[in-house]
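In the block that follows, a single chain appears as structure tokens, in the form predicted alone.
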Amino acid sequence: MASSTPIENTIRQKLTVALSPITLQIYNDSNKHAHHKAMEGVTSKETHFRLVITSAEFTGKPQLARHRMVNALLKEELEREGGIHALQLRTLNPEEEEKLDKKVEEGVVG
């Protein structure tokens, strides 16, 4: 039986293998954008994703380099007709995630 979320599954598999993420959250926001003009005639329900990724692979790399890493891993899905149309990324290294979690616990960030 075919998966109802093949692109999401591919994202999860590729990022897990390449980045060994501590945190990998994948949000399919496609339903929020289905009414946009650019989405007319598109039958895919997997076009817009928001990812939160924490990986030691990001340590010492600026945000742009991190985003390029993820985009390179998902190149096929981004280029394919009916594939990913929009990709929002939040990329953290373990230390950044720890600092953010501490701020949330202290009520500094909500």
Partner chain sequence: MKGTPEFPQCGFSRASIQILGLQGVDPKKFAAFNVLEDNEIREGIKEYSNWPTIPQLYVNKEFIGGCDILVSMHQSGELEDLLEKEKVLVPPEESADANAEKPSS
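None of these values were measured; they are calculated from a predicted model. Residue numbers count along the first chain shown, from 1.
As for the form predicted together with its partner chain, it is not shown, yet the points below apply to it.
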query = Arg80: heavy atom within 4.5 Å of its partner chain in the predicted complex?
reply = no
request  = Would you check, heavy atoms only and a 4.5 Å threshold, whether Lys61 touches its partner chain in the predicted complex?
outcome  = no
query = Is there a non-hydrogen atom of Lys32 within 4.5 angstroms of a non-hydrogen atom of its partner chain in the predicted complex?
reply = no
query = Does the 4.5 Å heavy atom contact test between Leu19 and its partner chain in the predicted complex come out positive?
reply = no
task = Check, residue by residue, if Asn9, Arg12 and Leu24 all come within 4.5 Å of its partner chain in the predicted complex, counting heavy atoms only.
result = no
message = Could you pull out the residues of 80-97 that have any heavy atom within 4.5 Å of its partner chain in the predicted complex?
response = His85, Ala86, Leu87, Gln88, Leu89
